[in-house]
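What follows is one chain in structure tokens, specifically the form predicted alone.
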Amino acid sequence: MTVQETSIVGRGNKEGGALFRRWFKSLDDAAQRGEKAAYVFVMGSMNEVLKAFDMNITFPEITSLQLAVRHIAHEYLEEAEDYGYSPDICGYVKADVALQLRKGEHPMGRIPKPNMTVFTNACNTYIKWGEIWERLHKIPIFTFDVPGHRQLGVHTQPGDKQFEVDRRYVEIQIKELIAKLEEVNGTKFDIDKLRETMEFTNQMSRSWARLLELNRNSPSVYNALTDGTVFLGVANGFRGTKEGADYFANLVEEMEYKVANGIGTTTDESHRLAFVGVPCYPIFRRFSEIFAEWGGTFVQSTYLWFASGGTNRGYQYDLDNPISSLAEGILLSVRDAMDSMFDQTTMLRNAIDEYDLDGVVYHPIKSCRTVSTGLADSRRQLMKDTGIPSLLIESDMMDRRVVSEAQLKNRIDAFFEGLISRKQQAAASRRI
């Protein structure tokens, strides 16, 4: 490996990890100083507006999943269940409830209490989750009602009469949020500062769209499941910041270098896969290894669509009309996120050829019905429409009590055996 390769290949994961630790350190510092934070979610976070007010921002989905990655989520889940929460509800919610009961205790540093929360209706759980904080901390909550698509396959676009009605509806809510933030934060809104945060998001979004394009190459230059989770952490935590924009510019530079030099994310890319759902965080590393042992690489993932805060669209804000453009961007990105959760078939149908997919892995999980509902039916529809092989495996994003590595491995092994047999038969028929 050359000196240049040593310095650039793997740089994204290393710098992403460092930024992520810095984000948690900033939250811990805020908690130690007695400062509070805005609690937001990855879909429709309104980071640009909140950053314009210099607010500390925490993503409870991210702080919760980190508990699972560090193999201690079960302690938090059991504490929340003992407190009265059902085993059947979202694992992220239960972990966060225990986190609040522990006064923000987290292995990555203390999480500050909220002074308000902002969320959209992109996930039905968001609304009830926000109400929990409202009761625990006696704080104001702000719910964005983002109109979804009225009909499957019918997507209005900017300029359409119905779209413009919806955009104005969202714009009014943004103005109401700004007024609430002035009240809560005790500072006046600075529209030029908003423009600055939106420009950083524009840069990040351009880079994110380019990243998705680059992984169409063979070999793929990153794993959408493992590396992609690092990218998502930075995309959300540093959205609307110079650090986030610079990170993704450097990441594109790394991936373009890998494409130009034929450097893949693995030395044995035998099967190019797409992943549907949320990863299995309790055994995150091992989960990926089981696929990698067969030469399976995830080149695309619906997780990179719905959990990226809309950056996957590459949407560019109009800085001359920031509030109006922000409303348009929120409307487009949240609708896109909902589509990637509820209507993966349309998006995957396009990805099969774009990413030269060999198979699709569906992963419904116990504690997220929003993402998991209908995946079995979606799988059957995609197979009917395209004939692409697929695998349906079930586990959880948080609860190790319902994760069986042995059962997962048996299903995954059988899937790859079928893929190999299918490829061998196709090769034999071409020789005849």
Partner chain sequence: MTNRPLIFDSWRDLPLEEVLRICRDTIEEGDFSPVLKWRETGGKVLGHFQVYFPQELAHAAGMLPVMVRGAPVDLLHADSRFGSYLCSILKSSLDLALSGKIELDMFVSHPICDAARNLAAVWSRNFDYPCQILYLPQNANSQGTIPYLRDEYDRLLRKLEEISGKKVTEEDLRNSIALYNRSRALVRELYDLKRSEPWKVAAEDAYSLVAIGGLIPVEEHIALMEWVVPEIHKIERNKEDRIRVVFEGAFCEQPPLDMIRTIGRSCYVVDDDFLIGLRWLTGDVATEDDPLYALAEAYIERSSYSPVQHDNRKTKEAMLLKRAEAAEAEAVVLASAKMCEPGLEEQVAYVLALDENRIPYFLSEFEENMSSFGGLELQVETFAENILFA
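Fair warning: this is a prediction, and the values are worked out from it, not measured in the lab. Positions refer to the first chain, counted from 1.
One more form of this protein should be noted, the form predicted together with its partner chain, which is absent from this view; the next part is about it.
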> With the partner removed from view, which of 125-133, 181-189, 100-108, 281-289 is the stretch that lies within 4.5 Å of its partner chain in the predicted complex, judged by heavy atom distances?
Replying inline: 125-133
>> Just to be sure I understand the contacts: of V252, I72, I263, I89, which is the one whose heavy atoms reach within 4.5 angstroms of its partner chain in the predicted complex?
In response: I89
>> Only one of H149, K193, R313, R216 gets a heavy atom within 4.5 Å of its partner chain in the predicted complex. Which one?
In response: H149
> Is there a non-hydrogen atom of S404 within 4.5 angstroms of a non-hydrogen atom of its partner chain in the predicted complex?
Replying inline: no
>> W294 versus its partner chain, in the predicted complex: is there a non-hydrogen atom within 4.5 Å?
In response: no
> Does any heavy atom of L332 come within 4.5 Å of a heavy atom of its partner chain in the predicted complex?
Replying inline: no
> Is N56 one of the residues lying within 4.5 Å of its partner chain in the predicted complex, judged by heavy atom distances?
Replying inline: no
>> Where, within 164-188, is there a heavy atom within 4.5 Å of its partner chain in the predicted complex? Residue list please.
In response: V165, D166, R168, Y169, I172, Q173, E176
